[in-house]
Each structure stands twice: as C-alpha cells, then as structure tokens.
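The chain below stands alone and is given in structure tokens; this is the form predicted alone.
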C-alpha cells in the first residue's frame, strides 16, 4: 500500500470514528437499550475500530515501507566523551564539541513524514487556516498507544460504571438538607459520550498538521476533562476540582498563545511540514524555516524573526520584515532573533506546563481524582497529560537550547516535588496522581536535556503501566468502597488478579530489571535512558549537576512510595475487617483489561517490539548533533547517542538500579517487615511529614498569593459598587425624583392640568348651554330652521358679493 495516500485515510478514519460515536450518543444515547446501556457498547466499538485502523496503519503501511535506522553502536570510545568533558571546561570547549559532533554525529535530515490538508477553512491575508495532517512514526505510534489504552479503559468502564445504570442512582457522598442522600437519574450513556469526545480530541492533537489545529483540539481536550472530572457535579469537591483544572490550564494556555503569536508574527506560517500549494510550489513549514538545510539543519532564526526582534527592541514600527535580516551566510545570523525564539519556545512550553501539570501549575492534577477512575486512567496515561509531553516532542525542532534548559529545570523540580508529596499520601488514587506528575517531570527533564527518544519512549511505556495502575486502584476501590489505604491491607488473597497485575505495574514504574543487561520491565529501558541522558548532559555541563542527581533521587522515592502503596493495600493483615470481608475480585470485564495492560507494562519496552527504533525514525530534523547555546554560551545540549557510551551508561545504570532497590528495601522494612514503626517515624519527623502532607503548602501559597488578593480586590470592588456607585445612583435618583415633583407641581398640575381642565370646563359649559336649545317644541324648531336658512342665504350672498371676484 502506498503510504502517501493510505496513511491519511486510515488515520483520519481512526480519528473520526469516536466523533461519530459521540454524535450518535448525543442524539440517541438515552434510547440505546435499557437506561442507555447500548451507548457504552457503541463507544467501545468505536474506539476498538480506531485501534484496528491504527494498528493497520502501523503494521500494514508504515513498517513495511520504512526501515528502522541502523542501530547506533557505541562507536565513541570512553575517551571521546571523557575528552569532551574536559575540553568543555576550557575556553575552547565549543569548538572541541563541534569537532566531536561533526566527526561522529552529522545532523539528521527530515524524518520520513507525510503532510497535507484535508480541508481549507479560509485564508485571511497570509494566514491560512486548514484541517491538515502531519504523519510520521511518532504520530503512528501515538495513535496505536492512545487507541489501545483507550480501548482497555472503555471496556473496563463498562463494569466500573455499572452503578450508573441503576434507576435512581443514589450518590452516598451527597447529603441533602433533608438528611437523605442525593437520588438522580443514571448517566451511563453520558459518561461514554464524554469519553468518545475525549478520544476524538486527543487524536486531533496527534494528527494535527499545524499549530492552529493543535490549539483547537488542545482546548477541546480541556473542555472534555472539565466534563469528566466534574462528572459527579453535585459533589462540591468534584465541581471545585473541575473548575480548578479548567482555570489552571487557561493560565498555561495564555502563555501558549503568546508563543503562537511570536511564531506567526515572525515566521508567517502555522504548518509543521513542507507542502505543495495549488501552483505546485513547495511552501516551507515551521521546521524547515527554523532549521534550514543550508545551515546543516541547525537552529537558525529566520529573517522575519530577526526583524521582529529588532522592531521589539528598537520600537521602529516602519521596519519591514527582512530589512534588518542578515544575509544567509552572515556569521551573526544565529545570534540574532534568539530572544524571540526563546520567547516563542517558552510560550509554547507554558501550554504544556498547564496540560501536563508541571511546576508551578501542577496543583490541579491530584484534585482531578474526583472524576471516575476510568477517567483518571485515561487522563493520566493516554490523553490529557500526555498531550503536553507530546507537544514538546512535536515542537522540538523549534526549541532553542536555552528554552530546553528551562524545560529541563521545570521537569526536574516537578519530578522531585511530586515524588516527595506521594510519600505521605494515603489516598490510593492521589499517590498515583502525584506519581504521574513526577513521571511527567522525568519526561520533560529528558526532553530538555536533549533526550528526545528517551523522553518519548518513557511517555509510551508510562502510558501502559500508569493506565494499569489506575485501573487496579479502581478495582480495589470497587471492592472496598474507599480510597483510603489505611482501611485496606491483606487484599492479595481476595483479589489475586488485581494484586499481581498491580505488582507488575509497580515493578515497571520503578524500572525493575537486571542492571547493565537487556532484561527488565518496560520502565527499566525508558527510565534508565533518561538517567543516562542526564549523566551525559552533566558530563558536558558540570554547572548543572543537579539535573543529574535529581532523577536518581527520584528513582529512590518512586520505588519507596510505589511499594508502600502495594504493601499497604495487598500485604499484611486487614486493617478493616468489615471492608475486607466484603471485598472480592472484580468481574472479568474489569480484570481482562488489567491482564492486557499488564502484558504491555511488562514488555512494551523490550527490544523485540522496536519501540525505540520506531521513535528513532521520527527524530525531529536537526536534533541529533549536539548544540551550543547562543544566549547562554556555556550551555551544551549533547547528542543523545553520546549517552550510550559505557562511561555514561555503566554508572548511570548502576545508580538507577541501586537507588530503586534501596527504595524498595526501605519500603519493605517499614511496611512489610515492620522493623520500623511508620507511626513513630511520622512523630519523629513530624515537621517534615506535615510539610509533605500539606503538599509543600502550594495550595495555601496560591490561596495567599492569588485567591485571597483576588477576593480582596473583589470585595473592594463590591464595597465601592455598593457604597459609592450605588450611593451616586441613589442620590441622582432622589434628585430626579425631587425635580419631577417640582415639575409636577409647577407645570404639570398648573399649566398642563389647568389647560386641560379649562378646556374641559368650557366644553362642559358649552354643552350645558346648548342643552337649553332642546325644548321639544316643534314650532320653535321650525323657526330655528327658517332663521338658519335665512342666515345661511345672507352669508353666502355676502361672500359671493364681496369676496369672490367676478370674471
């Protein structure tokens, strides 16, 4: 099959099937079987169909037509990186690095991709808005990942949301003023309606061929998350969480709009890839404009960006784009326009910060646990939070080294903060939520350090084992009817499938495997790759050594809190006999997806599945060679291939394994073997425990910095409105009222009423006088007729004689 024509059709079908499901459920959902149960099956059928189309696109079209890149061998000796480390410490480090890169890593060309437009929405001057596509190996991989996980989540939800089929549905968490629990109609069909729209929106982001289309579906994903997080809208916590997610994401989107405007104003196109126009000419997209072939695909601000920056600095509104641009061969070209490029990159990343819950906008994601657990599984694995990391990966050729450094530090802070909060959380879903935030920090850190393949690889492996973990937690909650792990314990015997599949998820997320070998669970490959990239980065940027140790420390904390979760839930003795006695394994419709996801969590990272090679195919243009900062001249983004050399790989792998093993050991000592009493530890470290229990006081800080000042300003405005504006209006109204009384007394009652009354009185008197003429005497009437006729004759005669001229 010809990929040029087949891939757009297949992926468009995979994209639109969930939309069709959404429309049908909106129109006929409540009529689809008893209480809308057919809507669930329709939604499942739609997403499974999308998965089939996606897999055909992958295995039937993409892989047969695109060979994997040649496996990169560590042809660099240890000495190469070691020498680079030393050389980067002196004044000539950049030249040394360039020579190293030129010798070993020529910059990569455009990866294989297919770009085009399905439909043109309109052209407004130079602005062209289209529904287009950009398909490369990353697009195909994301379609497969999203559709497969979403299929598992949909099937799982058929069992998990079964209570919504009851009529009426009793919400035991909402108590009315009468003391009774809320009773309402079931929303089974509406839940799947939202899920279908959610999947359609995520597919739209993945296949989008231009920035404007990304933004449209970006916002649609946000709206879907609002509906799903606030699914139990009668619960105050759910409605608050939905509002929080929506508002916090809008903060990030504001920055994203700034980045988009900066790109549009200076580059003049929203398209990612090159495309032919109606005249058959090739119009360059963002990637080609920012990384031109004549510059060996290194990042170079185009002429328009240089001119825009100069206009911003000099404030010359008459300067036309391109006037101030240097010639293509100008040596200063790469030093100009860098600030605008930095602003554009950081602006785009701001949107990713909100969507992927990165510091400091990470506060909404744990509260999003108020939504049903299948929503959490989908949001945390394949859709919403994945969108931020995916967008950084898609925009990767547009990020300058300085913007990448910002991304790395944000990811570093996020992974550490979120991991520490997860240590003290007792809500099983919130532990996983903070784990998601931390793992997203890992991905951002990797991308910021130059590890594009490692970051995207962890995105895919994490999606499978985090989806598995959330659905396992939902299975536990379904059995014991509580999220609090302090009421659990000993459930392994009651729920063996849930327990062991969740154990696989825990091992996968901590990166369990045999160190320095090719054997491990999926997270072993991706997380070690990230840590290796961090070590590689620190080797050439020793001033940023914190970026090397943070992920290693994060591996220790991750292992600790994940096994703390498993031990508190499944090991030991039951801490609530009543809940334990009623606990049971979930039905097959729920455990089946757990087994499927456990298989992927176990092996999706294995070399035989070639996920790494597939991502290497999609490496963005010009991002293979190491690059130097222009604004920060001491900054070097190393080539990702340098992280594979033994001098980096060996210590990084040992550090990752050692810290993870230490985390598991510590969790076992405290929560399995009980050699240390957790309550005594909590008392011993009470200030630290309170600090982490209160989530570093971020909510209180934001409440103090933003909410309270906003309320104070609002109250001031309200007081001003009530006491000043209203007083002015009331005074003006009183003056108007007094004036109207004066006018009423002086004019209306005297002049107007007097005139009318006088006229009425005269009419009345005239009528009385005329009444006297009606005597009832016939002779008198005849006399009046005669007198009247004579008077009329005399009058006419006089008029004719004196007033009408004769001819």
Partner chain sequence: MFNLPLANMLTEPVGVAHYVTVGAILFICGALCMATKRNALGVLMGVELVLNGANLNFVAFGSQYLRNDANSLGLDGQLMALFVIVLAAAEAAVALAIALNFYNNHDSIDVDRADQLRG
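Numbering follows the first chain given and starts at 1. This one's a predicted model, so the numbers in the text were calculated from it and none came from an experiment.
One more form of this protein exists, namely the form predicted together with the partner chain; it is left out here, but the text below deals with it.
Undergrad: Of 749, 774, 758, 740, which one comes within 4.5 Å of the partner chain in the model of the complex, counting heavy atoms only?
TA: Looking at 749, 774, 758, 740 one by one, just 774 meets the 4.5 Å heavy-atom criterion.
Undergrad: Which residue, 783, 798, 9, 792, has a heavy atom that falls within 4.5 Å of the partner chain in the model of the complex?
TA: Going through each option in turn, the one that passes is 783.
Undergrad: Quick check for you: of 25-33, 42-50, 57-65, 775-783, which stretch puts a non-hydrogen atom within 4.5 Å of the partner chain in the model of the complex?
TA: That would be stretch 775-783.
Undergrad: In sequence order, which positions of 226-257 have a non-hydrogen atom within 4.5 Å of the partner chain in the model of the complex?
TA: Sequence-ordered list is empty.
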